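Take a look at this one chain, the form predicted alone, written out in C-alpha cells.
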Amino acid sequence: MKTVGKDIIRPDAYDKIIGKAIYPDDIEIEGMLYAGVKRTTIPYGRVLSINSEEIKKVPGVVAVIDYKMIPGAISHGVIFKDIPTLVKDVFKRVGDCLLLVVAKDKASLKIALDNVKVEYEEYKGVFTVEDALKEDAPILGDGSNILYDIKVKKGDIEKGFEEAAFIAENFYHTQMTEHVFLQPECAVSTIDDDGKINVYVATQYPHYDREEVAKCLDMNEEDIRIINTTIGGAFGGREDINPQCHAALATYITKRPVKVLYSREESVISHSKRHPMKLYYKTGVKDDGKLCALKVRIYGDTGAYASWGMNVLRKSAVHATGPYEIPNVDVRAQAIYTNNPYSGAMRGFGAAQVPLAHEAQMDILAEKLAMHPLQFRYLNAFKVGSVTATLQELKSSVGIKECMEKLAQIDNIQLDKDVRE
C-alpha cells in the first residue's frame, strides 16, 4: 500500500520531458550501416523474380540479403512460426518482407529500395471472414482457414430462450484498429569481438525476441543480447517481431553495426492490428428482468498469420457474457485467416470488442422492459458467489455493483433495493 492512492513520480518522466531518454533511433555508432526491407505490394501470390543483382550494383549498397542467406529459421511468430522473416516464394499479405538491403547511408538505402523490381504471380485472395469460410476458398492456414475454434456452454440454451419474455437478436461488427504508437519501430544491432550479437530495440518481449533472433541466426540464446531501450508506446503492437531479426541478420552478415528504422507508413503496414470482429448476439430476458439465455457467435479476422489470434478469440469467448449472470449460455468464437493485415495483440486482447455487443443488448432489453438501463444492469451484475459461463465461481474482488451504486448516487438514480442481493 505504499503507492495506492498516492501521487507517485514516474522514474522515467524527467528524462522523457527534457529529451534525455534514449530511444533506438537516438543510437548512432561509428561505422554504422543502414538497412531496410522491400515489402510485397499485393496481398497474395508468389514471387517469380527480384532484380537482386542490379540492386547490389547501386552505389552505397553493402549487401542484398534474401531468405537463402538466413543461417537459421526463415520464419517467426509468437505461437506458430508462420510469418516469413524474408519471403521464400508464397506470401499472404501486403507488407511481407522480400529483400533486406544494407547500405552505407540512408540516402543510398532509399534509392536502392526504390529500384527493387519484383515480378509476381498473383493469386485470388480472401478478404472477409464469410469468403474465407466458403467451400471453394483458397486455404491460407494449415489445411483450413479456421485458426482457432472455441465453444463455451452452460445450462440449457433452448430451455433458456423458452423462458424468455423478450429476446434481442442483432449483428454487430468492430473495425480493424491501428496502434499508432508515437515511436515507429527501430532496432540497432552490433557484434562483439567474440561474435555475440546485441540488439537495441523498444520491445514488449525481450526474452521472446532473443529466442527469435537466436533461431534466425542459428546461434545459442546466450550469444544474443536484447537491450530494451525507452519505449515510445506499444499497446501490444511490439509483441510480434518486426525489425529485430533484420537488424541482427544484417550485422551477422556484414559484421558491422546496423540500424533499421521504419517510416510511419511502413510501421502501419508491417505490424499487427486489433482483430476486426463480427458478432451475432441473441439475448433473452424474463419478465422479472433477469437474463435467462445468451447465444453468441464471434468471427475474428486474424488476417494472414496467426500471431495471438488464438488467445484473442479465446478471451472474446470468455468475456462474451459481459459482467452478468446468465444461467444458459452458448458461445462459439473463431479466429479466421484472410489476406488482410494480420491481427494480434492490442489492449484488451479480445475483451475490448465484445462489450459493444453485450452492452448494446442490455440497453435494448432494458427498453423492452421499460426499466432504467443502470437498474437492469444492476439486477443482473456479478456479485461474490456468481458463477461465470466458464463455471468459475467469483469468490472475491467483484466490485461492479458497488461501482453502479456510486454512479446511481452521482446521477440521482434510485436503484431498487430489493434486487441488491
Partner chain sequence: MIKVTMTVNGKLYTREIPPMMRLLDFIRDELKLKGTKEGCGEGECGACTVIIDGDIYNSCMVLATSCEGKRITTIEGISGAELHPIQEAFLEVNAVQCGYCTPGMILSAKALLDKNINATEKEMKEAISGNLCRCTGYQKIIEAVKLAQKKLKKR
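Positions refer to the first chain, counted from 1. These numbers were taken from a predicted model, which means no experiment stands behind them.
Same protein, other form: the form predicted in complex with its partner chain, not shown, and the subject of what follows.
Asks: For Pro257, is any heavy atom within 4.5 Å of its partner chain in the predicted complex, or not?
Replies: Looking in the predicted complex, residue contacts with its partner chain do not include Pro257, since no heavy atom lies within 4.5 Å.
Asks: Answer yes if any heavy atom of Asp105 is within 4.5 Å of a heavy atom of its partner chain in the predicted complex; otherwise answer no.
Replies: Residue-level check for Asp105: no, no contact with its partner chain.
Asks: Report yes if any heavy atom of Glu178 sits within 4.5 Å of a heavy atom of its partner chain in the predicted complex; otherwise report no.
Replies: It does: once its partner chain is placed as it appears in the predicted complex, Glu178 has a heavy atom within 4.5 Å of it.
Asks: Mark Gly303 yes when one of its heavy atoms lies within 4.5 Å of a heavy atom of its partner chain in the predicted complex, and no otherwise.
Replies: Contact with its partner chain, no.
Asks: Among 178 to 186, 243 to 251, 96 to 104, 135 to 143, which stretch has residues whose heavy atoms lie within 4.5 Å of its partner chain in the predicted complex?
Replies: Careful reading of the contacts points to 178 to 186.
Asks: Relative to its partner chain in the predicted complex, which residues of 11 to 32 have a heavy atom no more than 4.5 Å away?
Replies: Going through 11 to 32 in order - heavy atoms within 4.5 Å of its partner chain in the predicted complex - the hits are Asp12, Ala13, Tyr14, Lys16, Ile17, Ile18, Gly19, Lys20, Ala21, Tyr23, Asp25, Asp26, Glu28.
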